Structure formats: structure tokens, C-alpha cells
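Given next, in C-alpha cells, is a single chain: the form predicted alone.
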Amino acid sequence: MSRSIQRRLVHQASAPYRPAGPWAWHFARGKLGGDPLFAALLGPGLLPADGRYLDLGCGQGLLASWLHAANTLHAGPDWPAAQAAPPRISAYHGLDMHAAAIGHARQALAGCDFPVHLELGDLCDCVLPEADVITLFDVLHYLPASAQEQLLRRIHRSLPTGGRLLLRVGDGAAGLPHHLSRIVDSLVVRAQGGAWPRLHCRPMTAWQALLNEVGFRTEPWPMVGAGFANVLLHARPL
């Protein structure tokens, strides 16, 4: 993706967060512009051309705003011919346990041209609605090991044939980069008003073994410019 189109995407996807206040807007700009996850999501083959999304631990709903902005720009004259068409969202369901984040998401996503449902709740005991794509970005390590396995089994049962799970996890065997990543994650939780979290991490080989055990085949997906020890995994039911 060219730097110019990425800058335009960051501007367009973060602009709806301005009414939610300076914190929501600056967080959206910083996350969308600095996290290589979002550019990776527009790579060919990762996401279906169209689908229903269930975003677990959705935060401010940045995923929905990003894909909505990409489709808006794609409909105009300036989308690069060499850049694949962005995936479309036919419906978006976001779940998060932080009321402020859900409130920001509701304000920012009100103008989307697809149905948006935002739910305040705990993903460990929520009902998983029907979805073609389920995302878990930087979420699993906040859950104890047994809860990680239970959630992944529920996700596996809920996905249709051809569905997919996208998750980003930290490689607990990566040494210093992993420890730095844990510090950043903990500071973000504290900045949002939460208690200092206890994190439950695994080496990458253990994450993949767990996913395989509950019925997924996994494929690491490249994120250009990725730092720390984060790995994007593309998982499909076996």
C-alpha cells in the first residue's frame, strides 16, 4: 500500500472519532497510522470479499471504521489500480467490556452503510452471533489459559463452513520484544481506567498447537513493519 493512500485512509477512518473527544480521536489516529495490522487487513486473500464480522474485544470499533473508509475511497477515482479491492462488511457486531470504548464506537460508526451492533459485555460468556469472520486482536492473553481454550472452542462451533478466525497473539518465546509488548498492553489498559492486568501468554508454537487442538488449521500472516512479538494468524476450521 502506498504511503499516500494509507495517510488518506488514516485520516478518513479516524475523522468520525472527533465528536467522541480528543482521547478517542488521537487514539484512533495513532492506532490506525502506527499499527501494521490495519494495512495487512487489506492484503489479498486474508478476508472474504464480503461478509458478516464479529469483532471480539472491539474497543472503539476501529476495524469497522477502517474497512468502511477503504471502501469509500475505493469507490472514488483515486484508489490505486495495483491495490486490491478492500473487503466489504455486510454486517458488523462488536463486543467489548469497556463502556467508554463502546460509547466512542457508537458515535463513530453511526454513519456506516452496513448494520452495526455494539454490545457491552464479557466475551467469556456472551452469545456468539452468526458471522463469517471472527476477529480477536490482542485479546486472548488477557484471559486465563482455560478461558482461552473455552472461547476458541465456542468460536470453532459457531463458524460456518468456509468461515475464518483472525487473531493476533504475542509470541511468549520472543524474549525482550515480548516483554516490551506486555508492558505496552498493560499501560494501555491502565490508561483506559482498568486495573493492572495479569497476562497469560504462550509461545507461538503453543498458540498454534492450541488452535489445532480445538479444530483450526492456522497460517501466520505477514504484517509489514510489525514490531514487538505480535503475530497475525489466519485460522480456518478443519
Ligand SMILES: C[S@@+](CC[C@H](N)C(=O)[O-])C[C@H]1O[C@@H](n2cnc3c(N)ncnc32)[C@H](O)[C@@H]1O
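Throughout, we count residues from 1 along the sequence that is shown. Computed from a predicted structure; not experimentally measured.
The protein also exists as the form predicted in complex with the named molecule; that form is not presented, and the subsequent description refers to it.
Asks: In the model of the complex, do Ala28, Ala64 and Ala69 all reach within 4.5 Å of the named molecule through at least one heavy atom apiece?
Replies: Zero of three within 4.5 Å in the model of the complex.
Asks: Exactly one of Cys112, Leu143, Leu118, Leu166 has a non-hydrogen atom within 4.5 Å of the named molecule in the model of the complex; which residue is it?
Replies: It is Leu143 that has a heavy atom within 4.5 Å of the partner.
Asks: So the named molecule isn't shown here. In the model of the complex, which residue out of His156, His98, His74, Arg106 has a non-hydrogen atom within 4.5 Å of it?
Replies: Going through each option in turn, the one that passes is His98.
Asks: Please determine whether Leu54 contacts the named molecule in the model of the complex, using a 4.5 Å cut-off between heavy atoms.
Replies: Looking in the model of the complex, residue contacts with the named molecule do not include Leu54, since no heavy atom lies within 4.5 Å.
Asks: Residue-level question: is Gly59 within 4.5 Å of the named molecule in the model of the complex, judged on heavy atoms?
Replies: Yes, Gly59 lies within 4.5 Å of the named molecule in the model of the complex.
Asks: Tell me, yes or no, whether Ile89 is in contact with the named molecule in the model of the complex, where a contact means a heavy atom of each within 4.5 Å.
Replies: Outside the cut-off, so no.
Asks: Given that the named molecule is not shown alongside this chain, does Asp132 nevertheless sit within 4.5 Å of it in the model of the complex, heavy atom to heavy atom?
Replies: Looking in the model of the complex, residue contacts with the named molecule do not include Asp132, since no heavy atom lies within 4.5 Å.
Asks: Suppose contact means any heavy atom within 4.5 Å; which members of 129-145 contact the named molecule in the model of the complex?
Replies: Residues within 4.5 Å: Phe137, Asp138, Val139, Tyr142, Leu143.
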